[in-house]
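So this first bit is one chain, no partners, the form predicted on its own, shown in structure tokens.
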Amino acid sequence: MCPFQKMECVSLPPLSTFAVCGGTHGNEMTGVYAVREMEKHTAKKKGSVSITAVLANPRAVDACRRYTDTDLNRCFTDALLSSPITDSSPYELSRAQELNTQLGPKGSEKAVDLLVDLHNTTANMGLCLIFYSVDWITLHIYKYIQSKMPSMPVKAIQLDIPISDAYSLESVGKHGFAIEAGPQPGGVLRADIFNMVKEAVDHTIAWLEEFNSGCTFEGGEVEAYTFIRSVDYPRDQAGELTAAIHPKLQDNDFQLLRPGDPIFLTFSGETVKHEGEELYPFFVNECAYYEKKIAFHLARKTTFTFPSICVAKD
């Protein structure tokens, strides 16, 4: 019996194709091994849902590096997906176009109904969903995962970017989100992080099954963090770092930063304090962001409201 009360709802098409991707960054091991485990199972269909498991960046996985030529997870804008490929093109750009052909094309009716891309972070972010547009499907799945994993604070980040400019793999699907889980060092596999992500994927599949079977999911609201801006480390005139993340900020992702709170500790022992409005930091001291000149991102907490939904009847 469906556990959700029937009520008036917005009817949406069934979600029959689901892609789970890992290894978009080749040293983020949870997604690599989750996809490999899924590929071992001969059953590619669970009830009404056809499941595709994809190792997104096999060259980077083989080298256990984030990428080989350029960051694959920045290659999925409309402009890059339509750019010509030459002999001098980065491997990741050609691979992005291959993935777009396999799982998309992005923005088309042929694209997979739901695409979830699995990532790890060295930051202390726990289990976190990342999505672009305010998508009712994504918000319902987010709420569902929260309800099924009450012992694990499940958070979400919204990047307010048009889908045409959305640069990461999950934007190829009709609906999609990334799962970011940490802290986990690059090239390392942790059982607790792996199992946490596997559980979230299993709940996503269960939600798809319930939705396709005719369950009505009641509307409601959820809190998420909307990206505002990035903060770089203090640097000297040569561009070298002059400070590290302050110990009071380290490992405190999603904890409110107020004006005057410490954010950096210089190598000479001085404290640099947060200025401006109260905001929430995330991806604090992410290893892969040093090359991007990002010490952490800042977000504003936002409440998203969404209607009840159910599958459209034939």
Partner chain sequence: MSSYHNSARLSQARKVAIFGGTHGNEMSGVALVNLWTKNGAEIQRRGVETKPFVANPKAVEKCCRYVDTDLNRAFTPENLSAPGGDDLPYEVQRAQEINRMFGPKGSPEAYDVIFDLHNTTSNMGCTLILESSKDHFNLQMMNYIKKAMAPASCLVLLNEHPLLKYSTSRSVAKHPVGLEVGPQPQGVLRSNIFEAMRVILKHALDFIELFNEGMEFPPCTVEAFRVSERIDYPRDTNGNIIAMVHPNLQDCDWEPLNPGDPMFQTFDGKTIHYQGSGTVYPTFINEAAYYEKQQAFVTTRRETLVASAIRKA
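Because the structure is a prediction, the values reported are computed rather than measured. Positions refer to the first chain, counted from 1.
We do not show the form predicted together with its partner chain, though everything after this point is about it.
- Although its partner chain is omitted here, in the predicted bound form all of G186, D251 and Y290 have a heavy atom within 4.5 Å of it.
- A residue is said to contact a partner when one of its heavy atoms sits within 4.5 Å of a partner heavy atom; L241 meets this definition for its partner chain in the predicted bound form.
- Residue contact check for N195: one or more of its heavy atoms lie within 4.5 Å of its partner chain in the predicted bound form.
- Contact annotation for K148: none of its heavy atoms lies within 4.5 Å of its partner chain in the predicted bound form.
- Taking non-hydrogen atoms only, R190 approaches its partner chain to within 4.5 angstroms in the predicted bound form.
- Exactly one listed residue, out of I245, L279, V49, V35, brings a non-hydrogen atom to within 4.5 Å of its partner chain in the predicted bound form: I245.
- A heavy atom within 4.5 Å of its partner chain in the predicted bound form is found for one listed residue only; from V54, V61, L265, L257, this is L265.
- Between 156 to 164, 103 to 111, 232 to 240, 207 to 215, the stretch whose residues reach within 4.5 angstroms of its partner chain in the predicted bound form through a non-hydrogen atom is 232 to 240.
- For the partner-free chain shown, nothing in 11 to 26 comes within 4.5 angstroms of its partner chain in the predicted bound form, judged by any non-hydrogen atom.
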